[in-house]
Ligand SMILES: Cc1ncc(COP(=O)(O)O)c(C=O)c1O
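Only one chain is given next, in structure tokens, and it is the form predicted alone.
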Amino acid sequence: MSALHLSQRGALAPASPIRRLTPLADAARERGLVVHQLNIGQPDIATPPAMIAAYRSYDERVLAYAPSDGFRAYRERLATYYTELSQDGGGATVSAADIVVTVGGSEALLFAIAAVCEPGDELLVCEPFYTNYAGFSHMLGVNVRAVTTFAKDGFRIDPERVEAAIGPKTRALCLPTPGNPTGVVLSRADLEALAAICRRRNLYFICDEVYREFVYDGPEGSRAASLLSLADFDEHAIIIDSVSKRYSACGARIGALVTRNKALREAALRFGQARLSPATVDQYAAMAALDTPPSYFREVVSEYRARRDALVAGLRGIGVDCALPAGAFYLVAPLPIDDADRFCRFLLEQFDLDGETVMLAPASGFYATEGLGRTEARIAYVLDVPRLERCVTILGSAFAAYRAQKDVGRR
């Protein structure tokens, strides 16, 4: 009798660099250590009260399925939000029929890639990139083709280099703005240049906009420019969105795929029918979150800006020359060590400062090109300023201890 074996798809699925060190963190806690988690984008900001109240007030006798594309009332409310966003730049209206409610932004991303790529096709990204771009592409038999961006340039995305990377099997460009993991924010001019390439080369543009409210260097209340606002681009544009970060509600698992391309939206709906429906109660909570006042976002953005500034100043003070991110709440830091993966394990397995240590995400998993990101880590500034400053102190001591250990090993 032959042994059971996994599919190649299952056996070769990439582990998440964000979560794969979790067993080491759990073991560190079992040893009594405090582990400061800077590896994952789990905000500590309070979820809007209206959203929490909606959960508490739900009192239907039967917890029933929702429609496969989400409740119409919620999609209509979302359409108003997206229309306002679109018309900020002179774009057209968005209707409820342009939206499929998904199980988080992750499912929207999965549906988008599945709808536009055949097995063996290519998804064009800029590395370092959000790891699920590669994870879902692998699941679907799609290859990731990467354009490298560099810390010394602030991870700037160059449209000319993007176009030069397009191959005969490239079907879609997938980019975030603001970016995870780099914090790069694409300007309207950037989006227009990239959209022109997609029109010219007949590509879809999957734009991951889940952090659009988190922009730090423009006027108060600024949002990142949206692909929805571009004229004459409806057939190419696919928006990925989520309530997770906008409302500090990662556990709600409600997202959206937004496109004015009717055939593409229909394909996403059929995928949605296969998984039956998005969560019922969470949609009611997400609908309540749409009433969140602008003051909430002003306060949240101000807090994240302070965290960004404190973290970058602190890192530079211990010899980490990192770029200042313009949005989201991540940065990719080139660490003054030889191997970030080994260093991240060292933090959890061998190091503490007065009973405390730090968990980071090694950046190699955010690259498709072998060998890149080897000395970099993604850091999420999702803790308050005093704790971030403490984390910097811990990292400074850890760098010294790690290098001392390596020196001993070489003797």
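A residue's number is simply how far along the shown sequence it sits, counting from 1. This is a predicted model, so every value here is computed, not measured.
Absent from the display: the form predicted in complex with this ligand. The rest refers to it.
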Heavy atom contact within 4.5 Å of this ligand in the predicted bound form, the stretch among 290-298, 266-274, 93-101, 203-211: 203-211
4.5 Å heavy atom contact, L109 and this ligand in the predicted bound form: yes
In the predicted bound form, R260 touching this ligand (heavy atom, 4.5 Å): no
Close approach of S86 to this ligand in the predicted bound form, 4.5 Å, heavy atom: no
Residue contact check: S244 to this ligand in the predicted bound form, 4.5 Å heavy atom: yes
P176, P128, P278, G183 - the one with a heavy atom within 4.5 Å of this ligand in the predicted bound form: P176
Contacting member of H236, R253, R223, R307, with respect to this ligand in the predicted bound form [4.5 Å, heavy atom]: R253
Complete contact of G105, Y133 and Y330 with this ligand in the predicted bound form (any heavy atom, 4.5 Å): yes
